[in-house]
Every structure is written in structure tokens, then in C-alpha cells.
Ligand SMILES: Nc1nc2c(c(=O)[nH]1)N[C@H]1C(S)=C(S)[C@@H](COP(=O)(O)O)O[C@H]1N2
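This document opens with one chain alone, in C-alpha cells, the form predicted on its own.
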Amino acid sequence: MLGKFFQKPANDDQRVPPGQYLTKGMPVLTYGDTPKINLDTWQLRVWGTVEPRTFNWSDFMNLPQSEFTKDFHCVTRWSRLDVQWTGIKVTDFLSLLEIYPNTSHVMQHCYGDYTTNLTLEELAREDNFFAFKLFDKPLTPEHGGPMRLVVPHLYAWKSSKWLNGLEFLDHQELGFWERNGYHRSGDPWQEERYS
């Protein structure tokens, strides 16, 4: 029994990766406490193989904003189609940075000391964005507010909640979940759940 929140996808639904079930809601799954972050003190820091910079909330809100409708897939096997977000394209943000040519990977750092890794190529995809609204409402702390990264082509643990730093690297390092048995990449279409 899948319960009232889940339904088995139709066999011909090409938008649902293997082994996933559709949900009508947005389940909240979190490791550790949910941080409460004041917008007056929020910041996103970049460092590593990049010219270091720090952005405050006003800096971010002055960047071009876009609406996004993307499917969202969790490693715990739920998927939600047509999730509506408001945010800032990662490519617009990256255009502000001086990233060194030897950069190959990026570690996401979050309030609460959570980390997860991406290749620079995965991060720089055109459909990735920093989200601050979900279904036209400010992103709640439970869903990663005030700001989270959304990487729709990978499992949701790669879309880190409470983002506050991007560490650019010339090599791969493993983040929290990757060090604890999750896959290094996390492609839902390949069922890259665990290492």
C-alpha cells in the first residue's frame, strides 16, 4: 500500500525515473536540525579555485530572477512532477565569478555543516538554479529556505538546502552523504542511489 500521498507512475510516463513513485506533496526529509537563518545575516561565500567573493541577500535579489517548472526526484524513491520555483539561474551567477581554469568540482556548503559535491559541469547546466520561492511562496526553512540550490537532473540530495557556500576545487572531494554511502553522482535515470 503506497498510502494517500503516493501513486505508482503509469508505465508510459517517461518523466518518472525507474523505481520512483509520484507524490502529491513535497515530503520533508532532513538530517539534523533545521537551521533558522536571518536574511540580514545570510550570505553565500565562494572560495577555492575561484576569486573569493561573498554575496549577501540583497546582492542575490538584485540578480535576474526567473520562474522554473521542474520535476524533482528524491533518492528515497518519491518524485514530484511540475514543481514551480522562483530563483536565479546558476549560469547567471557563475558569469559573475572568475573561476580558475583548473577547476573541475564544486562542494556545496550549507548552514548546519551539510556538504555535497558536484562536478563543475553538473553545476553549470542551464536548467540549474538557486531557489528562494516554492509554488510562489517564500521557501520555508523545512524546504531549504531561505535559499537552496536546485539541480533537477540529479537526485534531490544534490540540491542542497540552506546553501551558504560554494567551494571550487581542482579535484573531487566527497560530501556528507557521499562519504556515508551515497553515490558520487546521483543520476536518477541510472538509479545511482548508493555507492
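Each residue number is its position in the shown sequence, starting from 1. All values derive from a computational prediction rather than experimental measurement.
Just so it is clear, the following notes concern the form predicted in complex with this ligand, a form of the same protein that is not shown.
Peer 1: Classify Tyr31 as contacting or not contacting this ligand in the predicted complex by the rule of any non-hydrogen atom within 4.5 angstroms, answering yes or no.
Peer 2: Yes, Tyr31 lies within 4.5 Å of this ligand in the predicted complex.
Peer 1: Does Val151 reach this ligand in the predicted complex if we count a contact as any heavy atom within 4.5 Å?
Peer 2: Val151: no, not in contact with this ligand in the predicted complex.
Peer 1: Spell out, yes or no, whether the shortest heavy atom distance between Pro52 and this ligand in the predicted complex is within 4.5 Å.
Peer 2: Residue-level check for Pro52: no, no contact with this ligand.
Peer 1: Tell me, yes or no, whether Glu142 is in contact with this ligand in the predicted complex, where a contact means a heavy atom of each within 4.5 Å.
Peer 2: Because a heavy atom of Glu142 falls inside 4.5 Å of this ligand in the predicted complex, the answer is yes.
Peer 1: Of these, 44-52, 122-130, 61-69, 143-151, which stretch puts a heavy atom within 4.5 angstroms of this ligand in the predicted complex?
Peer 2: Selected stretch: 143-151.
Peer 1: Could you list which residues of 118-136 come within 4.5 Å of this ligand in the predicted complex, counting heavy atoms only?
Peer 2: The stretch does not touch the partner at all.
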